[in-house]
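In the form predicted on its own, a lone chain appears below as structure tokens.
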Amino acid sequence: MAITVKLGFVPLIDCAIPLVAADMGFAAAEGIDLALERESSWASLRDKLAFGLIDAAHILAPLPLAMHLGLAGIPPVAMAVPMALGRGGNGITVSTDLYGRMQAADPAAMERPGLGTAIALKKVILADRAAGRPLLSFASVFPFSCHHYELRRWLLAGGIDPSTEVNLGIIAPPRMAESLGAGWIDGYCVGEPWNSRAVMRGTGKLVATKQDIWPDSHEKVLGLRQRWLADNHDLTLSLIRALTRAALWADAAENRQALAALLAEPRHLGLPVEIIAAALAQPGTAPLFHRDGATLPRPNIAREIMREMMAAGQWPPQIPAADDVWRPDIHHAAFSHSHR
């Protein structure tokens, strides 16, 4: 009899691995009934995971660290990350109006990929300051997210102080493109397909990608409570095997059209399939699901994330590193000879 595992996700391209595991039979082959629960925001996903309303989550890589140490707006919850759910997928998009101003301010900088575009933004900011205009507003998806740190990295590369020269806010991923189109923000950092959504609508322009800014970082991970892991060790190994085989399937070029159709379904992302397909093919923002060890949670990446949290003023220096959160040993155990 299959064992039910409740797994929460936020509608993004990189939720593909658990969706594929559930729909393509990889979870069932491991004796798991993978019950997917769609959440509209990272805050609601955090709360459900923290209080045991779901067993596992497709979650922002920095968030389990923040939850573990009680930095995420809730009491500390001992967390474990036994698997990464891919790399890449993020981009920075600005409004077409701001893009035009950046192009006029420094055409040469706009010809440079990724970080160079922030130099043009700096010139726009200086012109606005001289004219007495209000600060430009940018959004990321959550304070404890690689999006937040990548947006900061991009701004800093252009000589822009993220704390004083722009307004930074938080918007849930599905609301990003609409907020940009309405003029409520001037730019954002988000995962696909919410960059492609604005680009295809003609309301935004992609100016940098995760590949430009932080190419080797994990983007989403499998987040578990340590207590649940301890009570369900063998089940966790089965879940990792199912998700890893789903990641291999999702990375195969011949499966991309089927993957786009699966993600586009109303119960998942609920977007036109052509937007999903375009996002999966977009150079620089298309996620990497399995290749190059993308599913292995690497402790050096956890330490890099910790340093970014410190730079953002989120991780007080006196708090020790949470080295016990990232668990590559569990990932390895799922594929050891004794568990095959």
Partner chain sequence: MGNADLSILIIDGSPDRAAVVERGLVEAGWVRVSTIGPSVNLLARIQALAPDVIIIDLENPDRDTLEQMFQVSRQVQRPIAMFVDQSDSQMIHAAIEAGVSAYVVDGLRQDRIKPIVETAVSRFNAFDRLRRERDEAQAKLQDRKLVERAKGLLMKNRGLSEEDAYTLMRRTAMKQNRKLADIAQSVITAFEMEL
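Positions refer to the first chain, counted from 1. Keep in mind it's a predicted model, so treat the numbers as computed, not measured.
Below, we refer to the form predicted in complex with its partner chain, which is not included among the displayed structures.
Checking 110, 237, 264, 170 for any heavy atom within 4.5 Å of its partner chain in the predicted bound form turns up a single hit: 170. This chain appears without its partner; in the predicted bound form, the one residue of 179, 226, 96, 103 with a heavy atom within 4.5 Å of its partner chain is 179. In the predicted bound form, every residue of the candidate spot (40, 44 and 53) has a heavy atom lying within 4.5 Å of its partner chain. Stretch 143-151 is the contacting one of 110-118, 143-151, 206-214, 191-199, since its residues have non-hydrogen atoms within 4.5 Å of its partner chain in the predicted bound form. Although the partner is absent here, residue 159 lies well away from its partner chain in the predicted bound form, with no heavy atom inside 4.5 Å. Heavy atoms of residue 48 reach within 4.5 Å of its partner chain in the predicted bound form, making it an interface residue. Put simply, residue 134 is far from its partner chain in the predicted bound form: not one heavy atom of it is within 4.5 Å.
Within this chain, residue 314 lines the site of its partner chain in the predicted bound form, having a heavy atom no more than 4.5 Å away.
The single residue of 182-197 lying near its partner chain in the predicted bound form is 184, the criterion being any heavy atom within 4.5 Å.
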